[in-house]
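Only one chain is shown below, in structure tokens, and it's the form predicted alone.
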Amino acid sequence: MKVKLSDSDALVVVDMQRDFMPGGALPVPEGDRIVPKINEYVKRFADLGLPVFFTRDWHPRDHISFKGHGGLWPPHCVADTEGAMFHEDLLIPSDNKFIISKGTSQDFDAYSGFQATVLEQLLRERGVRRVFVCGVATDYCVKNTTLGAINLGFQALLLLDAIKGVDVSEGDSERAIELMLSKGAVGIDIGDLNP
């Protein structure tokens, strides 16, 4: 499938933060391996002047998702800590970039970049109709951001060569991909983009 980028497209890079990388508080296995591929996508979009959105967990220290506060996960991506920073090799354009912080309230968890954020509003203001989604983790925030986009009426393209999953249970990532595709997402890789 060949895809030509247009003015109604945007790239959404999900949660490429240090705590989700190997050695971090909540690592996605080989999460750092997709950084070069994500950078290829970022460059393609930036070179065309298309918007690039970077979502991030930006949690308070007592966030509801943390063990000890009723959640499933070890403390991670606490606002303004090293672990919450983006991977040091991630390409972040100097202009036409947007940082979307999620999970910022103590009592509200957010796996989707659309939950309690301005992401939808910023996309609509720019006339975006198609979102290209990559990042981590396939089976959590990538899945929920992609499904959120579809539920809000955007066309979603899942960048299969630029996602990695946690797989808490074996096969979680594969099932997440199947679910996204069954709900209308289109799976592509860098070779499908027309230069």
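In this text, residue numbers run from 1 along the sequence as written. This is a predicted model, so every value here is computed, not measured.
The form predicted together with pyrazine-2-carboxylic acid (VGL) is left out here; the points below concern that form.
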{"query": "Contacting member of 154, 45, 140, 53, with respect to pyrazine-2-carboxylic acid (VGL) in the model of the complex [4.5 Å, heavy atom]", "finding": "140"}
{"query": "Residue (of 34, 147, 26, 158) lying close to pyrazine-2-carboxylic acid (VGL) in the model of the complex, criterion heavy atoms within 4.5 Å", "finding": "26"}
{"query": "Exercise: residue 111 in contact with pyrazine-2-carboxylic acid (VGL) in the model of the complex, heavy atom 4.5 Å", "finding": "yes"}
{"query": "Contact flag, residue 76 vs pyrazine-2-carboxylic acid (VGL) in the model of the complex, heavy atom cut 4.5 Å", "finding": "yes"}
{"query": "Close approach of residue 163 to pyrazine-2-carboxylic acid (VGL) in the model of the complex, 4.5 Å, heavy atom", "finding": "no"}
{"query": "In the model of the complex, residue 133 touching pyrazine-2-carboxylic acid (VGL) (heavy atom, 4.5 Å)", "finding": "no"}
{"query": "Within 4.5 Å of pyrazine-2-carboxylic acid (VGL) in the model of the complex: residues from 1-40 (heavy atom criterion)", "finding": "15, 20, 26"}
